[in-house]
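First, one chain by itself in structure tokens, the form predicted on its own.
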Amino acid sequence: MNPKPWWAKLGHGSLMLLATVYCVFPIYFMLVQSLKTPEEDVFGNPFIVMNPTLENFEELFERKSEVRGFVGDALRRSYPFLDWLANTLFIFVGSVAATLVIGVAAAYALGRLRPPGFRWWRRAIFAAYVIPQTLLFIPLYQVVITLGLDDSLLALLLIYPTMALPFCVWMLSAYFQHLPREIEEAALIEGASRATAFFRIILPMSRPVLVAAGIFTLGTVASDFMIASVFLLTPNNQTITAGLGTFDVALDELAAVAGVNLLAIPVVTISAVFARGYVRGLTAAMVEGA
């Protein structure tokens, strides 16, 4: 194989650098803004912070009796950010757990047990994924009201898994369908039950795909604003994404950016830590399901 000419390598490297800067710049800009004082935000360079401060992060956790510096005592507002943080963590954990449990069970039934018409079931489930969630607001609201879950975090635990389940079931079932059956059959011959073979063999072999499904669900939940804003009206019941929408941008712009960073940092960290498993899981599912 002939080596690539220098101009091809330079062009490839330039495109990679441009794509990296394009993806990283919004994160950098948000971080810079969250570390600025109000004075520097107005009079300083928009892309550089000269005197970094954690004042905006501290402002999120202030009580009403505390002074908020630049805006003064008369204009200060207080937000239940700790409640939003606890609600968000509860929704994250509950949604990911529910999606994985239900998704794995449904995907195993479709991809491994292969009931009649399982390919059409998979296609129908995947087709549900492309339906815009905004079209489902009214029927979802009617269901939530009927169940008495309005203005409750349980409403989000009911809705969010339905947003991620179609893609996760489609991806997991494609992977389960093409796993070698000989390994599972050998365990059954040795006296293991199907449940034991599933938990001791199938799940460990499916770890990359489970990681991919979990990160996909986490991203789906973390990026939602509309559903949380519609179904959670009481300030203390809101998640961080819905709560930040109530900020007074004229007074609390930098605090809102700090709140966005506090939400984004754990999501980005988890995605970075499990990036290899995420890519391996998606690749394995797509290749097996091709």
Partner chain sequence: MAQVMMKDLNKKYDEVHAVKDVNLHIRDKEFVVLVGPSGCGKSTTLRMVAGLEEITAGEITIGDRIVNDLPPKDRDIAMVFQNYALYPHMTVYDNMAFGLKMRKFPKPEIAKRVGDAAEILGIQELLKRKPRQLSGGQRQRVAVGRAIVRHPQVFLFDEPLSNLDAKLRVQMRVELKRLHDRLETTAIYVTHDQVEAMTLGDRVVVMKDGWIQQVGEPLELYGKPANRFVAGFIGSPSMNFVEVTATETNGALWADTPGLRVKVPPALAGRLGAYKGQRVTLGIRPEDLRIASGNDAADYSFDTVVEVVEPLGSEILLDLKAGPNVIVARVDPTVRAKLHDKLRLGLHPERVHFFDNKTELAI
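Being a predicted model, the structure only gives us computed values, none of them experimental. Residue numbers count along the first chain shown, from 1.
Here the subject shifts to the form predicted in complex with its partner chain, a form of this protein not shown in this document.
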Just checking whether M205 would be counted as a contact of its partner chain in the predicted bound form - the rule being heavy atoms within 4.5 angstroms. yes
Using the partner position in the predicted bound form, report whether D151 sits within 4.5 Å of its partner chain, counting heavy atoms only. no
Proximity of V93 to its partner chain in the predicted bound form, heavy atoms at 4.5 Å: no
Can you work out whether L188 and its partner chain are in contact in the predicted bound form, taking contact to mean some heavy atom pair no more than 4.5 Å apart? yes
Neighbours of its partner chain in the predicted bound form among 154-186 [non-hydrogen atom within 4.5 angstroms]: P180, R181, E182, I183, E185, A186
